[in-house]
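Single chain ahead, by itself, as structure tokens, in the form predicted on its own.
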Amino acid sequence: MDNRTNILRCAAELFYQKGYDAVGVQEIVARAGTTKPTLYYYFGSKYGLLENILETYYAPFLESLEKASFYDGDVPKTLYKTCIEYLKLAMKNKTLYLFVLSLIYSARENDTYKAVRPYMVRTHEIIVQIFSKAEDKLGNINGRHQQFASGFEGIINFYLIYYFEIGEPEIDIEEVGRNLVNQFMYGIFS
């Protein structure tokens, strides 16, 4: 593993474990087995490191989410494929997933929120697009695309937070995806 990748990985782990503000540059470089000048060479600052973590690890998720959320006229199928992308990211990189969630809920004036906001907005836009395009199939949307998207994201995120908290055994991603989409769809039509 090269120095840059090692620093990114170590910083992501520390930020997840302790929070961005609680971790200093010295602790990051000590964990990575490198020096401050090396960190500054690659990232410029601790904030630059945070931006690189998001760009390196979360931006590819957005690309796959965008592809998965292509609406072809089948709402449950599109939501299922979208849900599967969330589940795959979380199962592949629990640390990143939970760290990004923590950033989303950080104080609005905090650097961490400012760094994650463009990713959060883009993620939400992708989900809103599904409901916007599906309005003809789901007549009860009636302009509530944002609300439906927030509810869908919320059910996935809460399931994953709960799953990681209670430490269940390995999940069947496809079964969980089907169950979450069915639960959400039931809520829409009830």
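Note that residue numbering follows the sequence shown and begins at 1. Given the structure is predicted, the values throughout are model-derived calculations rather than measurements.
Just so you know, the form predicted in complex with a further copy of the same chain exists too; it's not on screen, but the next bit is about it.
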Triple contact flag 10, 55 and 71 to a further copy of the same chain in the predicted bound form, non-hydrogen atom at 4.5 angstroms: no
Contact label in the predicted bound form: residue 183 to a further copy of the same chain, heavy atom within 4.5 Å: yes
Residue 60, heavy atom within 4.5 angstroms of a further copy of the same chain in the predicted bound form: no
Contact flag, residue 150 vs a further copy of the same chain in the predicted bound form, heavy atom cut 4.5 Å: yes
Non-hydrogen atom contact residue 138 with a further copy of the same chain in the predicted bound form at 4.5 angstroms: yes
129, 64, 34, 146 - the one with a heavy atom within 4.5 Å of a further copy of the same chain in the predicted bound form: 146
Stretch 110-125 - residues with a heavy atom within 4.5 Å of a further copy of the same chain in the predicted bound form: 110, 113, 117, 120, 124
